[in-house]
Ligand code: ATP
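Just one chain is shown here, as structure tokens, and it is the form predicted on its own.
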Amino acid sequence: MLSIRDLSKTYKDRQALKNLNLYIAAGEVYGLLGPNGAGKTTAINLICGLLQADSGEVFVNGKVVSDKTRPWIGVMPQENLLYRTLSCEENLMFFARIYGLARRLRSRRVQECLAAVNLLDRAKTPVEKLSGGMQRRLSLAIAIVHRPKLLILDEPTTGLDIEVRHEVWELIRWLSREEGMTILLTTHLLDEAERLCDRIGIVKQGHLLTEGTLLELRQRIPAREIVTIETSEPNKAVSLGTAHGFTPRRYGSELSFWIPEDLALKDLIERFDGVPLDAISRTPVKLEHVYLEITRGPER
């Protein structure tokens, strides 16, 4: 559905994208992760035809991006682009006209989208009277009102409380499962990518560093689990852990180790015999561990 080939873009003296290659199959939910300034927004603007690439090509549904491909794309931007004094229904009707929906279809499609995002009872409510979560749901309704083939979600749940976040996640799953939409998702919430995405790509400084399923990415870290300890003697813990074949890592202020084998808690504690342990916790390898390892590179 989406194919990006050797895409490059430079702003004055800063190169935002460097020979980016990316492929997303029809019906797939693909997560694009990366730190601020990694090139995600530039890539989205190029996919939507809002910028001109220095080199490379973007194909949507087999066609080079142009005015003809724009109706196939729906975008939910990071910031809500809503008319605050208009009602939910009026906002949707306006964008339905912009997308070129035939008059006979608009009203029915607007009602379908309001129902899909659970805002049917708020159809006549002005946007300025909606909660932040409702506004995000309305933005999603606008992005799908024309039944796009490719749906781009840019930080769809940033700033939302956990309950509303779960509502939006369920809507995204429904769009993928029931509507068959291909979805490109950018997010800084790694648990969001874990829950929603079939495949995940990690970009930094315009390069795609790695991509794969969650299982494939987890295998980038040679560990059965991650163990985090609290101790007054971290240097001694690192020395002893390394001697036992544990790989030390700092995640923020936490001292952690990659444990390459399955160990009972008793055996694990014995490996740190002589180190004062205030606390010890265990967790499976998560996307956040992979993300930090790949984006830090040699700067650990």
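Nothing here was measured: the structure is a model prediction, and the numbers come from that model. Don't overthink the numbering: it's just position in the shown sequence, from 1.
There is another form of this protein, the form predicted together with the named molecule, and it is not shown here; the text below is about that form.
Residue contact check for Gln78: one or more of its heavy atoms lie within 4.5 Å of the named molecule in the predicted bound form. Although the partner is absent here, Leu20 lies well away from the named molecule in the predicted bound form, with no heavy atom inside 4.5 Å. With a 4.5 Å cutoff on heavy atoms, Glu179 does not count as touching the named molecule in the predicted bound form; it lies far away.
Heavy atoms of Gly49 never reach within 4.5 Å of the named molecule in the predicted bound form, leaving it off the interface. Proximity to the named molecule in the predicted bound form, taken as a non-hydrogen atom within 4.5 angstroms, holds for one residue of Pro35, Pro248, Gly56, Pro234, which is Pro35. Comment: 36-44 is the region of 64-72, 36-44, 248-256, 263-271 lying near the named molecule in the predicted bound form, near meaning a non-hydrogen atom within 4.5 Å.
Along 79-106, not one residue places a heavy atom within 4.5 Å of the named molecule in the predicted bound form.
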